[in-house]
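Shown next are two forms of a single protein chain, provided one at a time as structure tokens under the names structure 1 and structure 2.
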Structure 1
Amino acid sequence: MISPERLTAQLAHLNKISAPDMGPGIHRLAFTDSDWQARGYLMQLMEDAGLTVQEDAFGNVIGHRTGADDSLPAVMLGSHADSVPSGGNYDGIVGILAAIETIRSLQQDCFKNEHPLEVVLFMCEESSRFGAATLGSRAMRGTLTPDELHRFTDKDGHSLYEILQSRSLRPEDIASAKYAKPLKAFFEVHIEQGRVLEHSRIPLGIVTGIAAPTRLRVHLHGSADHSGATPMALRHDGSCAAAEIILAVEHAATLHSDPPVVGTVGILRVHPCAMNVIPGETELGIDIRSISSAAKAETVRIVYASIRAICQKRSIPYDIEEISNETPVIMKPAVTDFLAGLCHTQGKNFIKLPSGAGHDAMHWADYAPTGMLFIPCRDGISHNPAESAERNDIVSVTEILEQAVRTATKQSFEF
């Protein structure tokens, strides 16, 4: 039986694990001390639930529960524990705790799963530290390259490769992290990170598709000059070019409404960042997302053209680095109908909806039948200290997850 008290206590414990002296909210950037502390706590919870725990070369944690026939494809479930700066304690955490609680409930009921079960804590789901998201899932799918481990750096200039080494992981052996065994299904639970469920007063969402980002890092090579002695007509101001590009991204995204596209410039760095110096070197981080590959690609094309035109007009050299270009995912109707049937059976009210945010589940949908369940978050707020979810909703979605696992692990069941 799913334990509300256990879930509440675990959420409260994780709420205390954050980088000290960093202000309000949760600070568990990937592979930092606080992230590693949360990882250790979750590994202990997995072991307490009877799982055999191991890690791969990237640090992903895989807990295994043996099936009656362990050679059968496993049913996988899980999520992440890292956070954005000043984030909330529900993003990712609800999903990994729901997965572990499902196994704990099966253990207490002496449930005999025919297929093996795998609970995964995915590392580095958030893009906050290295500029690219869902890296743990990508490592397990074999799409994270050695070049990217060296190319992805944090704000202090440390490469992902160096950070993995500092945690005694094996970046030189990243190919070994690829998950090569067959899967029967993958399930993930998450807060919605939007307002649809709360606005509709619906406690459960079944995800029909996941939008995917294209992320760009743009470097503008302006000229840093004296702010008083340089006439306006002779300036090559990196920040002014950046301002035009920011508005161009906004405009390009608004050109698509069905299906919608969203565009965000979430990083803006200027150098030397002094009141009396015209900004020279300027960096932007651009995030463009859609559930439609075609709409996203068209928006990216417009953004590239806008950057080129703006920089030519201002005589500012530039370069664009594509950090990631992920493919949107459409969930198989057989899986969404399966989850809908479980909700009907248990008398739980739900709707089907797409996800505007990316998740680890998006990397598994082409590998195995994949299902994702959402619960509301208060006021739709996420990536924010005010992020919150109701305990009843967390318990309710975990009950559905457990029923999905109980059913999917039967050898006779097929999607």
Structure 2
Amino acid sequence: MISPERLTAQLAHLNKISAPDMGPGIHRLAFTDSDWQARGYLMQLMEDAGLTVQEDAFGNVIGHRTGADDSLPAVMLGSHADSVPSGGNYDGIVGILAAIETIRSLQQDCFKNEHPLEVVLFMCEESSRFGAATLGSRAMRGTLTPDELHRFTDKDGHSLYEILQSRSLRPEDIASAKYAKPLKAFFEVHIEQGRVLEHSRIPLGIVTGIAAPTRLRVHLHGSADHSGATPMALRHDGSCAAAEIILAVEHAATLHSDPPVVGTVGILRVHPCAMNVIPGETELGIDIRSISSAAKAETVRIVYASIRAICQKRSIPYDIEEISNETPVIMKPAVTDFLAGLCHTQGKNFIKLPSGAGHDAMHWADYAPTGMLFIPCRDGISHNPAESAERNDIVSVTEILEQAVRTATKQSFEF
């Protein structure tokens, strides 16, 4: 049985573990004292749940529950406990507590899992300290390089390598953190960090994929002329060209709905940004995401063509720099259908939805059947002290996670 009281108490305990004197919210940047304190607390909870706790060279915590045949591939559960500055008490935390509570429940009724189980606290999921995200997962997948450990530095100039050393971890042995054993499945619970569930009034989401961005930086070289002395027909107005591009991005994104595409112009700067000067140099930062590589590529293609046509029409030279083009992750239908079946059996309302944000789970989807469950967070707010999730929703998603584990650890079960 999943215990609402235990989850509530653990959430309350973690809500107090934050760097002092930093203002509202959770301040638990990766590998800082408060993060280390939360890690210690979670290791204790893992031990209380009967797990055998180990750490890898990067500091990821792996709690092992022996299977009836411990040589079989494990079922892995996990999430993170670090936070952004002024973060909330649910991002990551809900996932790691749901995983530990699942094991607690198995412990209580002496469940005999055939496959072994592993609960992983992934370190350094947030990019806030070192400018790069999901580093613990990357270490376990063997894709975090020694070079990056030296190259990634925090705002005080300390390299990730130095920081790992200061925690008595083994950056020189980062290759040993690679998870080399086969895995039967990976599951992660997380808050949605969006408003789709809340808007649908549905308390549970099964993630169909994790979107990855293509990001463009566009520079428009308009003419910064006098706003009074330049007739409309003689202008090369950077803000007008930018306006057409913004609406072209919005329109291109709405052409795809299944799977959806989102397109955002989050960065917009005009120069000289003065009331009496037509904007000349104008910069746009465009972020296009989908869980479908094809839909994303098609949208990016339309955006490029739109920019070309708009700038040609307005005689404005431009540059486009593709600053990232990541590959989305699609969750196997076998896994989403498995989770949907459990929800039906348990009488729980759910929808399937893509994740717009990145998560640890995205690093496991190409390695093992991977499932991810979302719960709503109030007003979609995350990375903010106002982040909030309902206890009932946390309990409910943990019950599905537990059922998933009870089923997936059976040797007779195959995805």
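Along the sequence of structure 1, residues get numbers from 1 upward. In this text the structure is predicted, and so the values were computed from the model without any measurement. Take the two forms, find the largest set of C-alpha atoms that superpose within 1.5 Å, and that set is the rigid core. Residues that one form lacks are left out of the comparison.
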Report summary line: Between structures 1 and 2, the form predicted together with another copy of the chain corresponds to structure 2
Report task. Would you kindly give the rotation angle of the smaller rigid part between structure 1 and structure 2, in degrees? Result -> 32
Query raised in the report: For Ile291, what C-alpha shift in Å is seen between structure 1 and structure 2 once the core is overlaid?
Result: 3.1
Query raised in the report: After fitting the core, how far does the CA of Asp237 move between structure 1 and structure 2, in Å?
Result: 20.3
Report summary line: On a rigid core fit between structure 1 and structure 2, runs of three or more residues in which every CA shifts by 2 Å or more occupy 212 to 327
